[in-house]
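Taking the form predicted on its own, here's one chain by itself in structure tokens.
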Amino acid sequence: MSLESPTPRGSVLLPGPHDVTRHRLPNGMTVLVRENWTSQAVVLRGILRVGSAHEPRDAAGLAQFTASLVTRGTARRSFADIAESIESVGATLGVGCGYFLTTFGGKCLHDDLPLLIDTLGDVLQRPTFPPEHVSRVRDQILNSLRQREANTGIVAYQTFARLIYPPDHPFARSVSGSRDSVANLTRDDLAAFYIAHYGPRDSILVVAGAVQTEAVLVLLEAALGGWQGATRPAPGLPAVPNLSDIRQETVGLPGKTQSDLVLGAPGLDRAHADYVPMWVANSILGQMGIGGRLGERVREQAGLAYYARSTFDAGLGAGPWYARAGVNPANVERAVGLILDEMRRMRDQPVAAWELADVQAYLTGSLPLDVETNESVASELMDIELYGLGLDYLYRLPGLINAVTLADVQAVARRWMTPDAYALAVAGPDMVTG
């Protein structure tokens, strides 16, 4: 079967309903294919509906550990066989894990797509979790966790997450788990987790690049169409109450010379009506240029921070909104004060018309650049399908961004940027925060 297009074609800059095919396999996997014959490469990106939210609290890290092992050997292929066949053609194949999703994907030349899809189907459906690799990967995870425990930025964020989320919420703990929890996980735990949770129901697979749509759908039907797997529904999330007070915690790390701080509160999920206005508002506060208003005020004008910026993690759950900065330990209190000042200014005063116009021009103007590669197209299409945005979303998005008003920016700042009720976590040399 030929994977080549009968007549090589150029690609429209933004993917949309005119050039993206959406197909649902009988087992519940949704496939999106976008042909792009400007290069010979093909990118696959996919998700399964399983992540650390599915693991028991006393088995933190189980989902990520399991994802790390599925490519380490199958009923048909050893780990060496998988590595040799994929690497010999310059292809890539990987599996990862987050709070709610297990991600998988790879990249290859179009001639090697049958090999990549067949191998992908094998590792997703028939992993064997070889004991020697369980031990080896556990050691790698434990070593990574030791390094994370000494990273001020990671420690500050994890402390912040624990301050704002209930103990039974998956966001309150690390996807990687802890050294104690990972050390106690066994091969049987991984295999049982796989059997209980891995399956194609409501999964998504995106293919972008040098493929003929009909041919790639045939390959995917053959490799993955017969997979059934687990059908267990996703667990519900505990409620996340808004903060009504100020919570602070400082973690001392020996031998550190810099402090990292994270300041914020629970935020919104991707489906919230405030998403686009909040994206615009956060870009003004802590993203544009060197870090928006925060970068200008805290880093450039006051000279207090190595970096200062803000972000919000809006996904399947209500992720946090937060500002973060890396500062000299002696400057933590002053940096926190300036961050809170800028939050109050966003809340109490409309932003300047030119600031809004600049951010809108940047966000809309960067859209074509965000889909320049097959990788970025696959990522955008994944989000579009995951969040039910519609295949015309990238064409509607500039209008949504430009429709945001000065009043909208101030309104979301008042709702989500709360300078009187927040959590502050600082990691670095021992000190007192104000």
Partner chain sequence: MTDPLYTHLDNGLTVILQRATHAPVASFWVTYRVGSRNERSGETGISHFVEHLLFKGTPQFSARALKRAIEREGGTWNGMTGMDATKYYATLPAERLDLALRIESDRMVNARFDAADVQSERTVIIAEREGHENSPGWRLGEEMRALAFRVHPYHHAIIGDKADLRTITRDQLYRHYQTYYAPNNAIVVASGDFAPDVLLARIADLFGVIPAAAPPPPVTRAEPPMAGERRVHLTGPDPTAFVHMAYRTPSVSDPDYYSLTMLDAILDGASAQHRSSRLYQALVETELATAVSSSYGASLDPYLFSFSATVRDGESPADIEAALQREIERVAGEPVAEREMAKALKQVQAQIAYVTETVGGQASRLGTAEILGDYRMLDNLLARLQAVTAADIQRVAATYLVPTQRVIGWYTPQAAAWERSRP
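Residue numbers count along the first chain shown, from 1. Since this is a predicted model, take the numbers as computed values, not measurements.
Keep in mind that the form predicted together with its partner chain is missing from the display, and what follows is about it.
- The contact with its partner chain in the predicted bound form, taken as any heavy atom within 4.5 Å, belongs to N328 out of Q212, Q248, T103, N328.
- Proximity to its partner chain in the predicted bound form, defined as a heavy atom within 4.5 Å, singles out one entry of R77, H272, H133, R344, which is H133.
- Note on the interface: of 336-344, 103-111, 310-318, 183-191, the segment with non-hydrogen atoms within 4.5 angstroms of its partner chain in the predicted bound form is 103-111.
- At a distance threshold of 4.5 angstroms between non-hydrogen atoms, D58 is out of contact with its partner chain in the predicted bound form.
- Using a 4.5 angstroms threshold between heavy atoms, G399 stays clear of its partner chain in the predicted bound form.
- None of the heavy atoms of G236 is located within 4.5 Å of its partner chain in the predicted bound form.
- Its partner chain in the predicted bound form comes within 4.5 Å of no heavy atom belonging to R126.
- Not one of P167, S379 and A403 comes within 4.5 Å of its partner chain in the predicted bound form, counting any heavy atom.
- Contact annotation for 144-176: residues with any non-hydrogen atom within 4.5 angstroms of its partner chain in the predicted bound form are R146, Q147, E149, A150, T152, listed in sequence order.
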